[in-house]
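In structure tokens, one chain follows: the form predicted on its own.
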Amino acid sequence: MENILAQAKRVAEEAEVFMVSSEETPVQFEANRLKHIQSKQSHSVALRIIKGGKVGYASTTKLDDSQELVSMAMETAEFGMPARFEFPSPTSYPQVEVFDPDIESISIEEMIKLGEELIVAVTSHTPDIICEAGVTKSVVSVHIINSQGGQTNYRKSVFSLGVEGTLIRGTDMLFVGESQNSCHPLLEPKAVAEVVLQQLELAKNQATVPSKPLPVVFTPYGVASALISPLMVAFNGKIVLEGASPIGNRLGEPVFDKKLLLWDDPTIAYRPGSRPGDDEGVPSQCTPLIEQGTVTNFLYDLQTAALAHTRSTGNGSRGRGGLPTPSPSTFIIAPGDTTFDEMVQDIKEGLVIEQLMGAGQGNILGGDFSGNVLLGYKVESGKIVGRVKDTMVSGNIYQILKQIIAIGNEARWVGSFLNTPPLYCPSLSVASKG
């Protein structure tokens, strides 16, 4: 890395080298059986330069040809976008624990056993269900150095396990599933299996809902599948700069229900979305986005922050081989003070939405969504009475989140990026064949 930086500094005003190495071992099960085991290693290095006031960029997996990397970055700088930023100078970083060495020592045999235990737990409850399961461990190393003297290094471990089941009876198909991930090893599959068993119990009976607006409780997975994508877009500093965010000109204004608090926090220990610094070497921080319903911040990387005349929030993230863009690391929705059971008991007729399919196909920029209820339950007189089929819902997140009846008092992690409680909303458009 030092050699690449030294070569780049000879021909460019500023330079940054970003190197990432990863080792991943996934164990996959299909149709209730072990399908395959892999061990994958990858190494890549990216060079970003500022030459003549413009950004040049190149990346490669060939770590021994630094001259070619520098030449490619120089060629792209001629056509690059104007650089409005400077690379970070040496600074201190928060102590964010994201590496557990115990993950490296977990054997393939242990991972296979975890997957088998998940499948046995589900199939013992429902013998004719077909399960897929996955158990994965990975370790990622990130190194960043730049011509201003800035430097970031950290290692992250991630362990995940999950199971999905498909139950086919005649023309009826039921989909259930649950997963967990952490920077720690997850060696107790019971909690994951219990969630799936609860889904199977709630789905034993079928129920129909009328085609009309109904009150809805979104479970944490329901929140993730219906409401989060539009919010991620709306708070993206790049989208705000382009004038495409519906809340881009509403900083400091009440847009959402006063009960709603949302922040982005990559400093939480041992979460896969956490890190001491972003992919540009900017220190991580907790960034409030919604406070008592008021829009308080947007998420920026170095370039978008400079264009917006503000500072980076430490949200510069890179895909494989790409330039940094603003991206949330870990969305946190603050819990409220109502239990899930109290929400259900308050509904005379309505829905509990566990999972939507296709919700991202609406006008995400405008906050619109619609999708099929992949897993959801009807509520009658304060009780869940069965699973709904052939049901679609649609709405707008800004209307839904403007008036929230209650927020759950227990939050849970969904994937690696979201921690949310259930949300109880007064009305959602429902269309049902039943």
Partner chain sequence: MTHIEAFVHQLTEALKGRNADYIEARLEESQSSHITYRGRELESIGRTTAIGGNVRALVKGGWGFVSFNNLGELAGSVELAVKQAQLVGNQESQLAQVEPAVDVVSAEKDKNPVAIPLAEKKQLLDEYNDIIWRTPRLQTSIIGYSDGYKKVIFLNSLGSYIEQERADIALRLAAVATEGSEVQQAGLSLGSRGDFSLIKGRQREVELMAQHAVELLSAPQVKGGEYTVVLDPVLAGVFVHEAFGHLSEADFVYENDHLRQIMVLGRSFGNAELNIVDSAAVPGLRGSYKYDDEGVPATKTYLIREGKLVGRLHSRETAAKMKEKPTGNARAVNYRYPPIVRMSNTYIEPRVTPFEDIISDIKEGVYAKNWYGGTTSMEMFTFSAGEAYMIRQGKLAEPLRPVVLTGNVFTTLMNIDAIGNDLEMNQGGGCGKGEQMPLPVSNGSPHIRIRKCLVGGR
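As the structure is a prediction and not an experimental result, all values here were calculated from the model. Numbering follows the first chain given and starts at 1.
Quick note: we don't show the form predicted in complex with its partner chain, though the next part is all about it.
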- Listed residue that, although its partner chain is not shown, lies within 4.5 Å of it in the model of the complex (heavy atoms), from Ser124, Thr310, Gln361, Gln292: Gln361
- Could you work out which of Ile103, Ile145, Ile119, Ile239 is the residue within 4.5 angstroms of its partner chain in the model of the complex, going by heavy atoms? Ile239
- Ile108, Gly243 and Met357: each with a heavy atom within 4.5 Å of its partner chain in the model of the complex? yes
- Note on the structure: The stretch from 346 to 354, 69 to 77, 217 to 225, 276 to 284 that lies within 4.5 Å of its partner chain in the model of the complex, judged by heavy atoms, is 69 to 77
- State yes or no: in the model of the complex, is some non-hydrogen atom of Ala269 no more than 4.5 angstroms from a non-hydrogen atom of its partner chain? no
- Can you check whether Thr339 is within 4.5 Å of its partner chain in the model of the complex, heavy atom basis? no
- Query: Can any non-hydrogen atom of Ile168 be found within 4.5 angstroms of its partner chain in the model of the complex?
  - Reply: yes
- Item | Contact test in the model of the complex: His43 vs its partner chain, heavy atoms, 4.5 Å | yes
